[in-house]
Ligand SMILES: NC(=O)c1ccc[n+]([C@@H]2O[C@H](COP(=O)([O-])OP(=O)(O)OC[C@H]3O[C@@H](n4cnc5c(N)ncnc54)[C@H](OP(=O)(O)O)[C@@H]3O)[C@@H](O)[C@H]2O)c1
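Next up: a single chain in structure tokens, the form predicted alone.
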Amino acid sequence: MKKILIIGGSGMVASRFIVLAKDRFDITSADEKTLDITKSGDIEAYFEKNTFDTVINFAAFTNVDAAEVQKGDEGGLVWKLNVEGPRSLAKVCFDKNIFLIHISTDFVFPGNEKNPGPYSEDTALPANSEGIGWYGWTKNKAERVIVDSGCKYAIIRYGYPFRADKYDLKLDWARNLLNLYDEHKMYSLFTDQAQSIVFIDDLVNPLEKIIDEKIEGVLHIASENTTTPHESGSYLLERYAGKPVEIQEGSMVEFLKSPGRTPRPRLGGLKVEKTEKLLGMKFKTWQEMIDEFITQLNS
């Protein structure tokens, strides 16, 4: 049984992965109290005492708007956690011949008219931060330092994860919409934003195969097709309520015009064909992912 270290194990995605994969692997879960990846010395000391076949780094500063406050600050927590942490992990994985799986995002791309998605696994990373928020830029830089480290790696990109199993520390986008609907507080949803989503349970089989076979490179695990917040939100609430639910249409173009808005991909999303072929798997559509979410919720 392979020994796996999960970094960021208490997070929304990682904690669900651990529950579903715990019988397949010998999993050690680490959070910031166990292992502070912003301190390279702590990482080196930890790996001197512990051995693993694979490390999966789920840890990141993911609050996009809060990250933007630190824009340009390479001494700030966002940079330390999102760039320096992966840099130190990649170094120790190279030194000890450990397979590193790093979780990334389509926010590494601008998702604008000049450079629209959906992006393939082979799409070149932007060389500058034009149109990219600080969160996305730090994740972009993290991918680069891992590739340059020489370690054996897989970079996994996904977007907008959600889960049916309750998670008290954070509401994902789907749970948030259900709460807003139940409380009669629904707001407008964008019709002009392209995105991919992923039901967290659907990460498990692909990740297990990547771990087992040490499949390297950049891979995308996401819905087979892209959607918009309005389209997926309407479908989700119709399945939840058992009847069509009218949601006001909003524009991300207009939203981003307001001063102080954090840049984020409007024309984003991820292509998955190469990853599907590489893994020999067919990923679900976003509709099928929402259907499974509702099925689990109802059970």
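Numbers for residues come from their place in the sequence shown, where the first is 1. Note that the coordinates shown come from a computational prediction; the quantities given were computed from them, not determined experimentally.
We do not show the form predicted together with the ligand, though everything after this point is about it.
Contact with the ligand in the predicted bound form, judged as any non-hydrogen atom within 4.5 angstroms, is confined among 222-230, 156-164, 120-128, 185-193 to 156-164. Of the candidates 31, 53, 44, 249, 31 is the one whose heavy atoms come within 4.5 Å of the ligand in the predicted bound form; the others do not. The candidate spot formed by 10, 38 and 135 is fully in contact with the ligand in the predicted bound form: every one of the three has a heavy atom within 4.5 Å.
Mapping the unseen interface onto this chain, residue 240 falls outside it, with no heavy atom inside 4.5 Å of the ligand in the predicted bound form. Although the partner is absent here, residue 234 lies well away from the ligand in the predicted bound form, with no heavy atom inside 4.5 Å. For the chain shown alone, residue 59 is a contact residue for the ligand in the predicted bound form, at least one non-hydrogen atom being within 4.5 angstroms. Among heavy atoms of residue 114, none comes within 4.5 Å of the ligand in the predicted bound form.
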